[in-house]
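Take a look at this one chain, the form predicted alone, written out in structure tokens.
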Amino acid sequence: MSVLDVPIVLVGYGPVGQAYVRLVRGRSDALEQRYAYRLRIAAVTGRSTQCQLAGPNVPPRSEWGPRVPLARLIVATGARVVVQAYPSDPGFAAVAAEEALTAWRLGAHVVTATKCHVLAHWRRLRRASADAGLGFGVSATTGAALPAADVARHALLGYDIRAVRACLNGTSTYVVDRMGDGASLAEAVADARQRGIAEADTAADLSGADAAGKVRILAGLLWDWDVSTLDTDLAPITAATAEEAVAARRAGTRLRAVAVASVDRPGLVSVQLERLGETDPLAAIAGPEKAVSYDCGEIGVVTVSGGASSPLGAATALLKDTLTCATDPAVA
């Protein structure tokens, strides 16, 4: 059996990028035996430095050289996949979009955990990927390890999806649950940070913007909405939410920040604080887990849940999309 070499350029070497390198390095032999693809990290770039790998291990940053244009690196390594794994700062959107366009122009698939350019340049990126006949893996942008994008994109293809309801921000779910236990907002956030659930800046988590962005992407996959033009209606988690969370718990319910998009409200994604009963699948998730329910009309609701927030979860989604691109880019 012949084995196909799959060189990868990884852009971004924070916690998610480092977890991705460990996954590829640790599973490459098993993946080669199962799929006949040799995934290989050929180069890693940071903001201003980079390195090309002679083997499976990434050298210390002190040994990296100055960063060169991505196009030159793709050509030098023969990369078949470019993986984007840096934070979703809106200030990176234009750069991240140009990276993706460069990769497709040079014949490489794109797999991303970075939402900013997906949200800002949805139509342009989707069209460029389709025109190039190359993959655009976005699973890691819609809930880390949770396969929400795969369900929206493929598993429910042809279904009459009427709405999507989701809890896709692990920090907000964990914080609200801790507040239901009696913690203040500050205490709940500090606890989430200590456990590695929350990042230093929780503004997008607590405002609902992160969850809304993920559901915007799902809506684009489900209904071909232009993700970049969607309106949002957000109810933030504040110090006052603690009282509401405790009251919900006493009433036998769970308070959740629920993101919703519906064909009855085209062009709008909302994130509202809702009291959910025990039969609601969005109430059952624990801590930083996530869940998405797809209303499939007459055939009922399909829910996918689990996949706690973590760099490993996001890296696993990137690995899955990398394999998908390598084996069948038409579905990535």
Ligand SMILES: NC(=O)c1ccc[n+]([C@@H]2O[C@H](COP(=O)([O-])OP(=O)(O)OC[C@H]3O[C@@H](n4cnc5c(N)ncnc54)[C@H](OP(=O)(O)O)[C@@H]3O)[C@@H](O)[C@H]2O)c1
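None of the values given here were measured: they were computed from a predicted structure. Position 1 is the first residue in the sequence shown; the rest follow in order.
The discussion below concerns the form predicted in complex with the named molecule, not included here.
The single contact residue among 80, 115, 165, 254, judged by any heavy atom lying within 4.5 Å of the named molecule in the predicted bound form, is 115. The stretch from 149-157, 85-93, 215-223, 182-190 that comes within 4.5 Å of the named molecule in the predicted bound form, counting heavy atoms only, is 85-93.
Put simply, residue 140 is close to the named molecule in the predicted bound form: some heavy atom of it is within 4.5 Å. Contact check for residue 310: a heavy atom falls within 4.5 Å of the named molecule in the predicted bound form. In the predicted bound form, the named molecule lies farther than 4.5 Å from every heavy atom of residue 281. Though the partner is left out of this view, residue 9 does not reach within 4.5 Å of the named molecule in the predicted bound form, counting heavy atoms only. For the stretch 180-217, the set of residues having any non-hydrogen atom within 4.5 angstroms of the named molecule in the predicted bound form comprises only 199.
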